[in-house]
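Read the single chain below, which is given as structure tokens and is the form predicted alone.
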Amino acid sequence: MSKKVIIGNWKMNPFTSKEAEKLFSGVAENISDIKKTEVVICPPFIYLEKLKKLSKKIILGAQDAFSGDVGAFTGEVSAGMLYSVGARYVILGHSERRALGENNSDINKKIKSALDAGLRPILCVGESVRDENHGYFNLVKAQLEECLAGVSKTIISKVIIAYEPVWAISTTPDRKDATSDDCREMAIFIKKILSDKFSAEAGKIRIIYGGSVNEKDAGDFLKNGGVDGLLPGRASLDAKKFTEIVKICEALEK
């Protein structure tokens, strides 16, 4: 079985390279004894090359990638470029990207491009609201099926699925706290959809939770949420809090 994984999504933070190096080093210094947990940090891509030199313990990821390789695509960064500067994972389909107009077809192309480049995609799925008729299950099912369309069974194990209920994210107006029960319910559903699509290979796909998780509820989600790891956002911008989440995960693996 693959290791549990804790993935920090820094989003568009911090403001300077110096701050990024300080935050990254603060995490690296405190996880030297971590053996059973995979630790990934996804900073803004401009910091990747510098951070790569600071720690071999932390795996680097990116927060997005373009679906093309090279060409006249002003402002875009390809998966191959990200791999060349040290990224090994890439977050795709995050709700904040979807809010800017990205759709399942766009994400599908990015996933295939990322896999071709040697990156491991972290596919974010999740509903904006939980309606009484449980329509959110159909939404997540469509996200999974459309985003993973055409992905081979032989490489699907490289993909991580991050369940990210938009209604629980810190930047969502009138947000609500998700519970480990909410998480477990969706994790079971996601596993069923993946099993129908990828058969036995679905058992190798890690499912993680990413709805404003922090050091206070990390243990509950890891123990009772039916997931293989976490995707903290705001908590990953505090070296002490992020390290605590990693150590909680590590302790549960003993």
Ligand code: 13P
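For every residue, the number given is its place in the sequence shown, counted from 1. Nothing here was measured: the structure is a model prediction, and the numbers come from that model.
Omitted from view is the form predicted in complex with 1,3-dihydroxyacetonephosphate (13P), to which the following refers.
For the candidate set A65, V227, M186, V213, a heavy atom within 4.5 Å of 1,3-dihydroxyacetonephosphate (13P) in the predicted bound form is found for exactly one residue, namely V213. Distance criterion of 4.5 Å from any heavy atom to 1,3-dihydroxyacetonephosphate (13P) in the predicted bound form singles out E96 from the list D106, E145, E76, E96.
The partner is not drawn, yet in the predicted bound form one stretch among 97-105, 79-87, 127-135, 167-175 has residues with heavy atoms inside 4.5 Å of 1,3-dihydroxyacetonephosphate (13P): 167-175. Proximity of K241 to 1,3-dihydroxyacetonephosphate (13P) in the predicted bound form: non-hydrogen atoms within 4.5 Å are absent; the residue sits far from the partner. Contact check for V246: no non-hydrogen atom falls within 4.5 Å of 1,3-dihydroxyacetonephosphate (13P) in the predicted bound form. Applying a 4.5 Å heavy atom cutoff to 1,3-dihydroxyacetonephosphate (13P) in the predicted bound form picks out L231, P232, G233, R234 from 214-253, in order along the sequence.
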